[in-house]
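Quick heads-up: it's one chain on its own, the form predicted on its own, in structure tokens.
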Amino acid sequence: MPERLSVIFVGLGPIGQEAATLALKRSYLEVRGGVDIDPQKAGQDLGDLLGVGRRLGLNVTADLKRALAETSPDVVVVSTGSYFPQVYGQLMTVIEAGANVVSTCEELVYPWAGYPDQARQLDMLAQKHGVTVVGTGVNPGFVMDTMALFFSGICQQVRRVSAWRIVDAATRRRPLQEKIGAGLTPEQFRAAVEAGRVRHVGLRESAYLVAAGLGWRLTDYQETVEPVIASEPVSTEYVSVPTGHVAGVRQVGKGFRDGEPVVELTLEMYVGARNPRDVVTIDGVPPVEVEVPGGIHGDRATAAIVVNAIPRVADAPPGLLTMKDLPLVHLRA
């Protein structure tokens, strides 16, 4: 790995901006630019957009290919979509330019779960160009999968893995509150779930990542999405939820081996959640239960793990990899 890694950021929403701001503070990273198709962002100096208090002399562009040609980055951070098909074309463009990829795309955390053919094509292209592609984040990417696999390292045997994440969405950004249906009536919530507008993306990918890490082959996967109904009025900066309306989601994903549930992931994400926390439980020898009181802040921690993963991805063998394939990702000050 070179002494300094050059990086550009594609997708400068809240997560992309926080990750870029953090990267500017890392002496081993050289930020060379930003890409975003939003006309209100394209053309701005990156320093002005990030609000870092100084101009960086790097104009945000809407043209990904041009940015890649002009900056020749070692690593590209892609934060443009949750669904694998949304980012597939961008990933191909970056790979063909000879750059490694770290992405916050939830389905890229384990794309073989939903898109095995495209994942295989991406892996082959990455190997051909000698670059590495990894999807990461907090959920998926850490709490419900990588953290569980890490703690399985002290087990002689694992029979079942469970993770339970309770998140107070009142502290999170507007798009997330909209994605969990906060403020909708129960009827509107059900219609939005049917249309695919309301749900958390990534439980399936976490379940398959855990299984792959443990050497299990899942024979079935099932997922349910139910509303959490407000028992009292609750308001955030972006939404007001009357009593009886939807405060958020309770989503459960289960991975099965031969009819038995071996991975169970429960996400409760709603405004006004009490006692937020993250809990990972391993039914094994010895049994393990780990709790993070207050829970891990999804946005801040996602920006952190993306930046902290950059050196690991730059050093990794080429191909489409997952967090289980990387050495331990940790803070490098």
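It should be emphasised that the depicted structure is a prediction, and the values quoted were computed from it without experimental measurement. Start at 1 with the first residue shown and count on from there.
This next part talks about the form predicted together with a further copy of the same chain, which is not shown.
A.B. asks: Though a further copy of the same chain is not shown, can you say which of Phe142, Phe189, Tyr110, Phe84 has a heavy atom within 4.5 Å of it in the model of the complex?
C.D. replies: Result of the distance check: Phe142.
A.B. asks: Please identify the residue among Ala303, Val35, Val271, Leu265 with any heavy atom within 4.5 Å of a further copy of the same chain in the model of the complex.
C.D. replies: Selected residue: Ala303.
A.B. asks: Look at the stretches 69 to 77, 134 to 142, 117 to 125, 91 to 99 and give the one with heavy atoms within 4.5 Å of a further copy of the same chain in the model of the complex.
C.D. replies: Selected stretch: 134 to 142.
A.B. asks: With heavy atoms only and a cut-off of 4.5 Å, decide whether Cys155 touches a further copy of the same chain in the model of the complex.
C.D. replies: Result yes; Cys155 sits at the interface with a further copy of the same chain in the model of the complex.
A.B. asks: May I ask you to check whether Val290 falls inside a 4.5 Å heavy atom distance of a further copy of the same chain in the model of the complex?
C.D. replies: Heavy-atom contact with a further copy of the same chain at 4.5 Å: present for Val290.
A.B. asks: So, Trp164 and a further copy of the same chain: in the model of the complex, are they within 4.5 Å at any heavy atom pair?
C.D. replies: No, Trp164 stays farther than 4.5 Å from a further copy of the same chain in the model of the complex.
A.B. asks: So in the model of the complex, is a further copy of the same chain close enough to Arg26 to count as touching (4.5 Å, heavy atoms)?
C.D. replies: Answer yes; at least one heavy atom of Arg26 falls within 4.5 Å of a further copy of the same chain in the model of the complex.
A.B. asks: Mind listing which residues of 18 to 55 have a heavy atom within 4.5 Å of a further copy of the same chain in the model of the complex?
C.D. replies: Result: Glu18, Leu22, Arg26.
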